Ligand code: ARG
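Form predicted alone, single chain, as structure tokens, below.
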Amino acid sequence: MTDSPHGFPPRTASYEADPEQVRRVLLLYSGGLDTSVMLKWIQDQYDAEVVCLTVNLGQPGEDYEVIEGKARMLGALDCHVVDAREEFARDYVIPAIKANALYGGGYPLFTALGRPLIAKLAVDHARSSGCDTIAHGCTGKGNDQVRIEATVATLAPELKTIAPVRSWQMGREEEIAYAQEHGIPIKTHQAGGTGSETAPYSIDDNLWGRSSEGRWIEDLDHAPEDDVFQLVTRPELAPDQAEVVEVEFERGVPVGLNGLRLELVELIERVAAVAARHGVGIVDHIEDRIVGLKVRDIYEAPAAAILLPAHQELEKLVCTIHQNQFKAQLDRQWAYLVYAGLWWEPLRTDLDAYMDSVNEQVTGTIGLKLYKGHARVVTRSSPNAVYDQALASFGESGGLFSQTASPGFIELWSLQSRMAWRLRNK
């Protein structure tokens, strides 16, 4: 396959757009430097119309009227702003909580959970706006390109995709120069602020967490610098007084905080606020990306740092030893599929069925003590607890358990191990 007349790289996948057939593009638009340059660049390079889509997943500090106005100023036919926080929390974050979802033991998947929803909304709006192509701002080194393009190819095989950042060979300085040349407004970095084109870090955030990449983060010998933490208080600056919070769950879903029932989005926001105040939720993570790279990321995920361990502790209390051992394996598989961009994989929905079944019993309240970066479970209660205080008490025997039966159990339980040891140690 050869390059197109416009100098675009050759297509390698069936869902990639033929430049000659691009007429109207649905652009996933954040209002930042990359997507603003893309908005102008697509119009010029493809001679195409552009419709923008901006999705609110709970990113802090965004002014969506400003973003919409900027898109129209730069030539967009329209700019749709969708508040998807409720859908994100209900249909993506809740399944992740039920699956105790952490990738690589540390990453709570906030970006990975958001991308399939964003791409699904892009498909919906591309169809309703008469677009033939969807454009995104992902690079060729990350996982997000996989998550978005796999979703579009799955849900809408008639639509094509373009990824200008993968093909235009512009670095940060070149993008800024292009923006200045074409009259694209550029936000300058301010200490303590986010969303700046000239900020020192590449940021992605939503209701469930925030990631930072770039600068010293890529240097494994470099300890975290203070200015990277814009969501969670640095633990050394957190309050000197510990605080206990109680999270109530019904069927695996968090429904209350400190005795107050709340709607899901507000509950997540309130949990995030109290955790962040106490320095809880900082993750300095080495991660195996699905494109083959090993990278370092700095994550700030205060809500996840409370709700995930609380849920897991309650689940452990109400499930049997066999359920707990088996489900941990499924939890890892669920997290891997989502991280790898396979949200629409049938196995993921199969796993959801098991998660939902187990979580029918996950009702109760977990108390956690927060102190200078740590969250420790201190209290547990559930009407479904597979726990008998009398049985657990030292020296007590209840009706379901007789201590005098133990010797026979031990003899049979250890039989094969004892035989094997003797045979191998003659």
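In this text, residue numbers run from 1 along the sequence as written. Since the structure is predicted, the reported quantities are computational estimates derived from the model, not experimental observations.
Same protein, other form: the form predicted in complex with the ligand, not shown, and the subject of what follows.
J.: Using a 4.5 Å heavy atom cut-off, indicate which stretch of 237-245, 305-313, 85-93, 204-212 touches the ligand in the predicted bound form.
T.: That would be stretch 204-212.
J.: Suppose contact means a heavy atom within 4.5 Å; in the predicted bound form, does that hold for all of Val37, Trp168 and Glu175 with the ligand?
T.: The answer is no: none of the three residues contacts the partner (heavy atom, 4.5 Å cut-off).
J.: With the ligand left out of view, which of Ala112, Cys131, Ala119, Val280 would have a heavy atom within 4.5 Å of it in the predicted bound form?
T.: Selected option: Ala112.
J.: Could you spot which one of His136, Arg147, Lys98, Lys160 gets a heavy atom to within 4.5 Å of the ligand in the predicted bound form?
T.: The residue in contact is Arg147.
J.: Whether Asp124 contacts the ligand in the predicted bound form should be assessed with a 4.5 Å heavy atom distance threshold; does it?
T.: No, no contact at 4.5 Å.
J.: Indicate whether the ligand has at least one heavy atom within 4.5 Å of a heavy atom of Trp334 in the predicted bound form.
T.: Heavy-atom contact with the ligand at 4.5 Å: absent for Trp334.
J.: Going by a heavy atom distance of 4.5 Å, is Asp352 a contact of the ligand in the predicted bound form?
T.: Contact with the ligand, no.
J.: When the contact criterion is heavy atoms within 4.5 Å, does Asn143 count as touching the ligand in the predicted bound form?
T.: Asn143: yes, in contact with the ligand in the predicted bound form.
J.: Out of 275-309, which residues reach within 4.5 Å of the ligand in the predicted bound form, heavy atoms considered?
T.: Contacting residues: Glu287, Arg289, Asp297, Tyr299.
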